[in-house]
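Have a look below at one chain only, the form predicted on its own, in structure tokens format.
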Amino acid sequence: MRLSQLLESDRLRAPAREIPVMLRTQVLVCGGGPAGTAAAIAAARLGVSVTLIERYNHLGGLATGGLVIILPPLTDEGRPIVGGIGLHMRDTLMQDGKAAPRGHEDACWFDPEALKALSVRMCVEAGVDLLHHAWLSDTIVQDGSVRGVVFESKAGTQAALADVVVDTTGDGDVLAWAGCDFEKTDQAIGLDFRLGGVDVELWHTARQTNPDVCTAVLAEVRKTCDWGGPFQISALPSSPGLAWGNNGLRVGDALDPRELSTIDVQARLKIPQALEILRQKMPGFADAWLIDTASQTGVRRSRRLRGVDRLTDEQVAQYDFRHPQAVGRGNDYRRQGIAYDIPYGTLVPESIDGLVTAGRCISCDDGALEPIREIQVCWVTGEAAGTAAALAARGNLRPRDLPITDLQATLREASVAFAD
């Protein structure tokens, strides 16, 4: 194509090229958030080779890079909900003094840097090969089966091949590129931040003695900054003088880079505005300063797999939903009195082979996603997906053909919580 034609065209024709294969592994985990980290650790502990590809320079996803630094209870009315890797991570943070109780005795705040370090340490100890700074760009499919992914990095375009691939991208990128059917919905997207220099005792006293004043200040922040979604400030008891800002700037399409860029820009302009109002009018915030903003934009939902099975809002709202093919349990961060089984079929595509999913892109309806997308449930689905991928790779099986009793037995041996 001549330059004159190129300047007038809205499409380019890329020449055919060979893509070098950088690595081959038995299990390839795509995305290093809570689900991906748990998947990689679980698979590697079963003795297969595992590579975890992550686009950022850290693990933990939105739990760390997104500063979503709260953990709901891992139990419900005394019933164990989260066991295995997730429970071990939470308990380790608590024992190391890197987490502090939050309201319910089983809920906590945690230090995001501590979770980054713990995630890396557990991956390394399990024998996971970590590849950071790699941005996925396509899925390799052969004869109806996922065989690997294409990714971009400073080294150019390369490929990774695997016996089984685990999609823990959050947005379901791998499953979508593979041709799997999916659903998609949008939700408020934001950018969390942390403040230092807060007189927490003065602030808490004001909230008790003059609650209307504190409520009015937050309302002024929302109005002045045109915060379309939720906005809240909470103290961080794990560190003196710290506060956390959780927000949803506006509903947006998480798959549109222009939309995400606009939200990022608006958030970085509005957070200083919000801080100035807090300094002037919120008791205890006169000397507050901005420590950091999240390095990852707070996307809450986008694609969801259409799997062999599908969790519904009705099922995840029950006191005790049971399923014969359960691979773990979930709860609801918004309230106690909820416990539901997570069927293996929610992790497996309807037709495409060689792929399992975990995290917020598993098969569920829009209402069910609200509790499922939280950190503690992502740990559960991640461990189940990684275990299934390892057993399938080790036995040269399609993930859909894996005997559910074998998978459940292996998960029980790893102390994953089941309804008994």
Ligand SMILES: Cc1cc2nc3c(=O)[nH]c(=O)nc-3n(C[C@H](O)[C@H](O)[C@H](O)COP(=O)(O)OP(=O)(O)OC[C@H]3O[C@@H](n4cnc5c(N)ncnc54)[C@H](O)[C@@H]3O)c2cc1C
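A residue's number is simply how far along the shown sequence it sits, counting from 1. Just so it is clear, the structure is predicted and the values come from calculations on it, not from any experiment.
In what follows, reference is made to the form predicted together with the named molecule, a form of this protein that is not presented.
- Remark: Asp76 does not count among the residues lining the named molecule in the model of the complex, judged by a heavy atom distance of 4.5 Å or less.
- Although the partner is absent from this view, Trp135 contacts the named molecule in the model of the complex, with a non-hydrogen atom inside 4.5 angstroms.
- Interface membership of Leu62, defined by any non-hydrogen atom within 4.5 Å of the named molecule in the model of the complex, is confirmed.
- Although the partner is absent from this view, Ala368 stays clear of the named molecule in the model of the complex, with no non-hydrogen atom inside 4.5 angstroms.
- The three marked residues, Glu201, Ser234 and Pro283, fail to reach the named molecule in the model of the complex, with no heavy atom of any inside 4.5 Å.
- Stretch-level contact check against the named molecule in the model of the complex with heavy atoms at 4.5 Å: of 41-49, 386-394, 347-355, 66-74, the positive one is 66-74.
- With the partner omitted from this view, the residue of Thr139, Asn331, Ser119, Asn247 that lies near the named molecule in the model of the complex is Asn247 [heavy atom within 4.5 Å].
- Out of the listed residues Phe321, Trp177, Phe182, Trp227, Trp177 is the one that sits within 4.5 Å of the named molecule in the model of the complex by at least one heavy atom.
- Shown without its partner, the chain has Arg373, Glu374, Ile375, Gln376, Cys378 in segment 371-385 as residues with a non-hydrogen atom within 4.5 angstroms of the named molecule in the model of the complex.
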